[in-house]
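Only one chain is included here, represented as structure tokens and corresponding to the form predicted alone.
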């Protein structure tokens, strides 16, 4: 097997885990894997931002806006370093679907560590793309991440088409109105899934809408904390 990023041959290291097929083999070589930057050290208990405070200044600001009634907490796995930016760009914007499998083991591990309490009663809801954006990209990266998880995935939300979030300033993102719609009630806990947490606005819009339609609690799992 060759590395999904640099095409270097990967020498498989046998272990009990991969012998018993409890997890899939890595598709990144050790050198590329080293370039992934895990979020380590103290982090905000609400959004996963690195901080020495229990709650970061961003989340304190949101609380002053009376935004407590959204997701209970978000857990992010990686920092948005230069290597991750390149991988995300090729995967998400240039349609290299296979690159998403780089993250499968890490997403499953994060779920086991932080969200196993949801067991089988919860639902995984990916942040949707608009129909136009989905046609442009060919797949929804959040749905791909969601499908790695051992809970039922349900696409409860739909999204209006609009300007790409990556083209907006921080202020514009925060002030953007909700682009989401939902057509059914939900009485189970929900784990929202997205690729990148930047300001948290997207997740808050989605969480608020779910709770307005009966969802008792909302959590979030994101691949990257921007």
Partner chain sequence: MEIITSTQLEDLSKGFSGRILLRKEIPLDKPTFQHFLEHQYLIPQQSIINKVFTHQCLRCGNEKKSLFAKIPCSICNGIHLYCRKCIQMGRVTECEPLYTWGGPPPNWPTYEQPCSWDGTLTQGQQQASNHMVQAIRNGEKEYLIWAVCGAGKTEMIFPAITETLQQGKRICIATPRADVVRELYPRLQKAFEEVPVQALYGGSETKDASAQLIIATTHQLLRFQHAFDVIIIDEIDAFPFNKDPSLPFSANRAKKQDSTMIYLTATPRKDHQRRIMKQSLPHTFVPVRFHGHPLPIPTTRICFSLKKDLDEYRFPKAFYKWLSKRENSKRQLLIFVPTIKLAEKMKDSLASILKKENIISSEKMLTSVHAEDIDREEKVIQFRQKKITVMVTTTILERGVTFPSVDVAIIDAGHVVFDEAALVQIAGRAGRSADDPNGEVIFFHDGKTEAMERAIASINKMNKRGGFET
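Residue numbers count along the first chain shown, from 1. Just so it is clear, the model here is predicted, and its values are computed rather than measured.
Same protein, other form: the form predicted in complex with its partner chain, not shown, and the subject of what follows.
Its partner chain in the predicted complex is approached by residue 134, whose closest heavy atom lies within 4.5 angstroms of it. Although the partner is absent from this view, residue 112 stays clear of its partner chain in the predicted complex, with no non-hydrogen atom inside 4.5 angstroms. Although the partner is absent here, residue 117 sits far enough away that none of its heavy atoms falls within 4.5 Å of its partner chain in the predicted complex. Residue contact with its partner chain in the predicted complex: residue 96 places a heavy atom within 4.5 Å of it. Note that among 151-159, 134-142, 118-126, 72-80, the stretch whose heavy atoms approach its partner chain to within 4.5 Å in the predicted complex is 134-142.
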